[in-house]
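Take a look at this single chain, the form predicted alone, given in structure tokens.
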Amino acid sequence: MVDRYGSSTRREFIKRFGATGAVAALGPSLLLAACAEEEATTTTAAATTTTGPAAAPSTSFVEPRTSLSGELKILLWSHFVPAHDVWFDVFAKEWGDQVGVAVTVDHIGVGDVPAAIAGELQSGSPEHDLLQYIAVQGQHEPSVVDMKDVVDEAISRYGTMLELTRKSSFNPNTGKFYAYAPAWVPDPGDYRKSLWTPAGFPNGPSTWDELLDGGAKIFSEQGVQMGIGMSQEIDSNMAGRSLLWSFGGSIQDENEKVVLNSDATIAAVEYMKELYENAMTPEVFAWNAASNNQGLIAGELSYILNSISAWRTSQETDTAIANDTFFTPALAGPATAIAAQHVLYNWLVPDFSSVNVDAAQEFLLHYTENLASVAWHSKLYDFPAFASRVPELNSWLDNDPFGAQPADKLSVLKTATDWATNIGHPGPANPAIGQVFGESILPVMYADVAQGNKPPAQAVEDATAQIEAIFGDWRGRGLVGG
């Protein structure tokens, strides 16, 4: 086996992706924000297509249900596909001009968004009328407006809402939509075909066993590691849940009872340790949400569990890497084959008298009306929660308008709703699930075992105790069942 810990490849990897102590000392939020910002600069900042700008969907307008005025201040993340933000800022302001509302849009690094949202909601005087984050925000339910009116109106106009996004924005215990979630992003596996073909998997891995077998062989024979994180960031959280579910475990059951401590969870933790020891290096314990993207783009990783953003970036920076990158659906484990959504859009309206609630909600309906433009200008990163709004999606995935080679590379995503689920699976993404996610309890559980800090059963027991306490707190407030 190659020297996994002393090679020049590893030293180069650490230098490039910031797993040194000095960089790690910045903390997860600053690391994530800085690297996400770096990633954004590598992608073209304008939406272009092989068929010209005229191919982009046109914007449609529906008259608001009530007269609007005043200001609408929006806070949201800096999208991993910067072309989206170029479009969104113009789109939002043009809507404001149409309806008589002065719209301002503030984008900040994704790592800074959770603290910004919490700060505004706790301040008693939020600076923005509309807040957006790319993960579940159920823990803020007591401080935000019920979005049921928006959901009901959207359903009446556009049909059924995707169950994944509904469960990621609705609390069945209170009957409240603490957020509005009109869009989401699939989380396929991204693999390098030239590396997996000689390992015996020309179509990439289809199971977690194949991921281990092929990944270990690639690492041993070709010196290229795998990129599944065990760090306190969003991608590690998503990967850990996919592995857990596929092995038959879960944090809660469908009735919101904590069931993490099980043989299935222990088996998943043991698997992750074996995967780490045979196919990865210590960098995965200090990663942020951009690290696996950057590693794939640089040709340093054989497989990551992520959205299509890294590949989109490589289309601009290294066409050889882009053309060699392909995608797989959720990997099959002993129990099933499902994955969490990569991200989803939880739009929150603060419940304070100073907030322009009417304008915020009407803008979200306008946004939903134009989900085809959302998908297009994100270069097919964003998927709709209302399928009828993007009837062209499957044809775009079969014949990518942004230059995929081959053109049907993204066709695997046509079945994404069959293998994607919400982070609370098999229950809802309730406030306790949101807090567990925010505190990265699962990635820490996996890391403790992989690093040899705890035996599997102890790590699972400790994580369960933490989660039980969180569920008990929210249950005491009447916001979680079970």
Partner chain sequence: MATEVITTRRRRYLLDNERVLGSVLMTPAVIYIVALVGFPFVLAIIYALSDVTTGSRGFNFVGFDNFVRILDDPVFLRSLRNTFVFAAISNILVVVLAKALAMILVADFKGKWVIRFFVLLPWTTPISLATIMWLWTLDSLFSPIDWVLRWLGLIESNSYFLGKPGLAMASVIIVHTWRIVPLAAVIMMAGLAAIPHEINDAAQVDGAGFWRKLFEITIPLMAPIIAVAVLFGVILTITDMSVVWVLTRGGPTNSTQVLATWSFLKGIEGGALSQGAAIALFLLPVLVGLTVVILRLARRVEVF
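Numbering follows the first chain given and starts at 1. Just so you know, these numbers come straight off a predicted model, no measurement behind them.
The following text describes the form predicted together with its partner chain, which does not appear among the structures shown.
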Notebook entry, point to check: Quick one: in the predicted bound form, does every one of V258, D382 and K414 get a heavy atom within 4.5 Å of its partner chain?
Noted result: no
Next item on the list: Give a yes or no for E283: in the predicted bound form, does one of its heavy atoms lie within 4.5 Å of a heavy atom belonging to its partner chain?
Entry: yes
Checklist line | Contact test in the predicted bound form: Y158 vs its partner chain, heavy atoms, 4.5 Å | finding: no
Check: Is the gap between D351 and its partner chain in the predicted bound form 4.5 Å or less for some heavy atom pair?
Finding: yes
Margin query: Using a 4.5 angstroms cut-off on non-hydrogen atoms, would E300 count as touching its partner chain in the predicted bound form?
Written below: yes
Notebook entry, point to check: Heavy atoms within 4.5 Å of its partner chain in the predicted bound form: which of the stretches 160-168, 362-370, 274-282, 207-215 has them?
Noted result: 274-282
Margin query: Can you work out which of S194, T104, S143, N173 has a heavy atom no more than 4.5 Å from its partner chain in the predicted bound form?
Written below: S143
Check: Which residue, P401, G223, G109, P114, has a heavy atom that falls within 4.5 Å of its partner chain in the predicted bound form?
Finding: P114
Item checked: Any residue of 430-451 that, in the predicted bound form, places a heavy atom within 4.5 Å of its partner chain -> Q435, G438, E439, V444, A447, D448, Q451
